[in-house]
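Just one chain is shown here, as structure tokens, and it is the form predicted alone.
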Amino acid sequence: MQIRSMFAANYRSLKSIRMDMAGVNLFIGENGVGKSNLYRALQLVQAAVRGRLAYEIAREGGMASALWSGRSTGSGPVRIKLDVELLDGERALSFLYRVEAGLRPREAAAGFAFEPQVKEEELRVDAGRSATMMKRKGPLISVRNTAGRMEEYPEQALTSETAIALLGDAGHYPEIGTFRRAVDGWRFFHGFRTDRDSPLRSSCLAVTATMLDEDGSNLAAVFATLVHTRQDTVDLDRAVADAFGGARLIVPNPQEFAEFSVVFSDFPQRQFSPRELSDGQMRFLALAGALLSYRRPRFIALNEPETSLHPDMLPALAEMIATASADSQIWIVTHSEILAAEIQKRCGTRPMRVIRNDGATWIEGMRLTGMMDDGD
């Protein structure tokens, strides 16, 4: 399922923004305009599905840091509002999920003082006409039963819990389970550690890995799965050769651990281990694992993937993004005009320029409906 649209309000620099999404979504802008907040809003939707929304907001400084701090036009309490619409093209279904989180009322006893509290949630499914599958207000949850009628769920939700996770864990609601599995499969690659102790530079247990973990800790297993299970490394071999001047990736048949090395054209008799590679080389290989894995995620988000990469590597990175876009919806946040131009050349995707509009994050040329002025 692809993301058709997203909405975020009152979250950091996102006062209120709705955006339609394409197969490849490319964002470019200056520091401090809020590009990462757009990206982070989708991560919080995934956190809600996993039952970790309150934890994730608390981890980034709590509601005091997460709430919109600019001028407010409303008179009521300010809430973070997130919603996302997913389209299942094969079954002509769309899933619309929304969640709202706010602060604890002063007179309330439940929950901790500055803990984010989930106030409302709703999941609707549209198959020609819209039907509510789940609705939550405060601790009370209503859910559609097998007879098609809404009924009160016997268990109340804690203020820090999300109903979507609580009902999904119950296992009785197929539409909720379908939506949760789709969102849980998203992958956000915010950045990879490349220091000497980075998991990228270490061997890993030899367990078949169809996708790269978000910290890259199973990178060697991802490469081994491509080489020895799929036995198709055409895209991977081309990417490494293009980025590293004709280099070859060496992936021995794993025993207890999976490992890899690189042979450069200038040193054909020498295999360079991950600990000997530069930060940029390791970061590129991690991006290759993210974009060219055996089974690509339906949604892949890359935040400033050009970091530490030599400009000569950017065409190869753009080529990997174009390859991955055949199976995955892609979201890229970048500072690099060069990378944006290379992606546009291969994918036909025009960069969306992120700006500040009266203090709030906005997309240049975008209407309030989320459409671009030229209809793209």
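Because the structure is predicted, anything quoted here is derived from the model rather than measured. Start at 1 with the first residue shown and count on from there.
One more form of this protein exists, namely the form predicted together with a small molecule; it is left out here, but the text below deals with it.
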Taking R201, S217 and P274 as a possible spot, do all three reach the small molecule in the predicted bound form with a heavy atom inside 4.5 Å?
no
Which of these residues, D279, E175, D88, E304, gets a heavy atom within 4.5 Å of the small molecule in the predicted bound form?
E304
Only one of P311, G32, G61, G348 has a non-hydrogen atom within 4.5 angstroms of the small molecule in the predicted bound form; which is it?
G32
Given that the partner is absent here, does R367 sit within 4.5 Å of the small molecule in the predicted bound form, heavy atoms only?
no
So, N37 and the small molecule: in the predicted bound form, are they within 4.5 Å at any heavy atom pair?
yes
S65: heavy atom within 4.5 Å of the small molecule in the predicted bound form?
yes
Would S69 show up as a contact with the small molecule in the predicted bound form if we use heavy atoms at 4.5 Å?
yes
Taking 4.5 angstroms as the heavy atom distance cut-off, pick the stretch from 48-56, 318-326, 336-344, 23-31 that is near the small molecule in the predicted bound form.
23-31
